[in-house]
Each structure stands twice: as structure tokens, then as C-alpha cells.
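One chain comes next, on its own, written out as C-alpha cells in the form predicted alone.
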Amino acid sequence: MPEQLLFAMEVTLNGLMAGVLYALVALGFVLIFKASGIFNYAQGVMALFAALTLVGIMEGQVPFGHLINAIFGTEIHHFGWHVPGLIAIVITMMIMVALAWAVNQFVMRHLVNQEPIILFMATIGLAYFLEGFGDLMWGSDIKNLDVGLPQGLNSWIDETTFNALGYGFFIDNLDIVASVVAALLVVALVVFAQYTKQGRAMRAVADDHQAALSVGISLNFIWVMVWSVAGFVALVAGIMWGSKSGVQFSLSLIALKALPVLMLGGFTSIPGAIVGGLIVGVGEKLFEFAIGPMIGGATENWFAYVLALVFLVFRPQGLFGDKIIERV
């Protein structure tokens, strides 16, 4: 088998694993949009905030330590203990649920029935607030996140593919674990949205707020629940991306890669987020492999957006989104 074809197969596998992570981030957008009609620009910053909080708790860092030291002239930075990863994840999830309640209580419930652009601008403000709040709370330095996930070359895949094909596939253990966790979470979210009472209530709220209220569905409960689930998705995404590239403020930019995923799959479709993520993940890797060397490389930075632009021109609702019908 030609070496170029084998390399293309390796690139495709890596693209599929990256696509699952893109789909996971996109799901946070879809869930909130389906339940409230809000495009949550702050989803990427929520992933950053969750990762910052997790690292801070694990390392026993004093929240707002820099601010406390500046005001009182102290030199306090750490409590002197370390928290196990699993316990820190549980505590961080509780903080993300509290954040979901605060967002609904102090922001979103005051904007019910407002124009979509107002809600969108509110999430932009929330994103910058969370970014500054996370900076103030935990500091802006790059942090190493280690929750015990395996990293490095998977030797079994390398040896197996080399023995079978004469070419060893370089697959990172962290990518495999991240893909499996993301895939399980995606399946769980699909089952939750389609088959549980709360999932049906969420879809009812998305279809018609007033009708949902008339049958006894609490909008406040649904919105807090949806923002909590989005916070959990952000936490998982923050763990995976933070473990891979470190916890830094560029982590919030992963949300931008989710935008082409949503444009391809449709803003209201959970299956669309999955398929769109896989298309973007595989597409950008194969495009970089096949076309990148001819045009100078670095095509992964813009390929997804060009693909999304093509979809906006020819199919603006995405592959699985509701068809746009304008009645006159």
C-alpha cells in the first residue's frame, strides 16, 4: 500500500478524534440555543473558566490571591494542600452549576422576550466578564492541567499498524481518551434530550415558551438546567483541551472553531453538531495534508470557515437545521 495513502489514513483518524472534540464544544451552543433561542458566545470562555477553576482547586491556589496581596500587602498564594483530580472535578462542576444559576438569575431572566441581538450581546458581555473574572480569580499565567489522563504515543496502535501495513500510525493516547469521553458524553446528551422528561421539557420550551408555561413547565428550572449542562460540557472540553495544550486564555478561542461546525450541522440540531464536528475535523486535516503544501500550509486555521461560508451561501440552515421559510 502506498505510503501517502497510509499517511492519509493516519491523518483521517486524527481528524475524526479532533472532530469529536469540536462536536462536544458545539453541543454546548446547540443545547442553550434549542432551549432559549440564545446563541451563547460565552461557551468557549466557560470552558476556559472551568479549566482555570479546576487547576486552581487542584493546586490549592488562593482565589483572588493577587488582589488580596495588592490590597493588604501580603504574600499569600497557596493554601498548602493539593486536591485529588476527581474531587476537584466534582467541586468545579458544583461551581459551574452555581455559575449557571447566577447567569439565569442576574442576566437572562431579565431579558425574557427581548430581541435575539440583545441576548447575543448579553452573552458577549458575559464572555468578557468571565474572562476578566477568571484572570482576577486565578491569574493569567499559563497553567499545566494534569488529571491523570494518559499522554504520548500509543505504542499498541503503532506496533499493530506497523506489523500489518508496514507503517506505524502516530496516535496520541490523550486524543484517544478525549475522543472516547467526548463520544460517550455526546451519546448521553442525545439520550437526555430525546428520551428523558427534562429533555422533552427542554424541547417544549424551545418550541413555545408560552405553551410550555401553560402545561406547568418552569422556564427558570429549564434554563438553569440547560446552562448547567452547558457548563458541564464546557468543563469536559476545558479538561481535554487544557490537558493537551495547557490552560491559557487562548483556550477560549476553541469556541470559534465550533462556529463552522454549527453552520454545517445547523444551530438547532444535536445530530448536526456531531456530523458537523466530524466533517470539520477530518476535512481540515485532509485539506492540510493534500492541499496545504501547495499553497504554503497553515490551512487548518481557515479551512473550516471557508467551508462554512460555502454552506451559508448554498444551504444556510445547515445539513440538519430547520429549513428557513419566509411567509408573505
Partner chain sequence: MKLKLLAAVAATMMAVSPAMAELVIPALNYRTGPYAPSGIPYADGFSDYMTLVNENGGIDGEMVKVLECETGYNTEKGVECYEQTKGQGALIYIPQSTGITYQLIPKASADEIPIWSVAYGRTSAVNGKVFKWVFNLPATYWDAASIMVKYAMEQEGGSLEGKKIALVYHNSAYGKEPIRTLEKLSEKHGFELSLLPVDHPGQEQKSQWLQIRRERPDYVFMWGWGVMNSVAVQEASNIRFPMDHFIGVWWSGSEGDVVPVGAGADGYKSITWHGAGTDFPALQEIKTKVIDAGKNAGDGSKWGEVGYNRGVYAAAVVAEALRHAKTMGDVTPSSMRDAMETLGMTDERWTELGFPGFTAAFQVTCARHSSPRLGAIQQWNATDKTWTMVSDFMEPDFEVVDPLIEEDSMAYAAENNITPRECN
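Positions refer to the first chain, counted from 1. Bear in mind the structure is a predicted one, so any value in this text is a computation, not a measurement.
This next part talks about the form predicted together with the partner chain, which is not shown.
- With the partner left out here, the partner chain still marks one of 220 to 228, 188 to 196, 155 to 163, 96 to 104 in the model of the complex; by a 4.5 Å heavy atom cut-off that stretch is 155 to 163.
- In terms of contact with the partner chain in the model of the complex, the residue from 251, 236, 108, 205 that brings a heavy atom within 4.5 Å is 251.
- Residue contact check for residue 18: one or more of its heavy atoms lie within 4.5 Å of the partner chain in the model of the complex.
- Using a 4.5 Å cutoff between non-hydrogen atoms, residue 114 does not count as a contact of the partner chain in the model of the complex.
- Among heavy atoms of residue 168, some come within 4.5 Å of the partner chain in the model of the complex.
- Using a 4.5 angstroms limit between non-hydrogen atoms, residue 34 is distant from the partner chain in the model of the complex.
- Applying a 4.5 Å heavy atom cutoff to the partner chain in the model of the complex picks out 7, 10, 11, 14, 18, 22 from 4 to 34, in order along the sequence.
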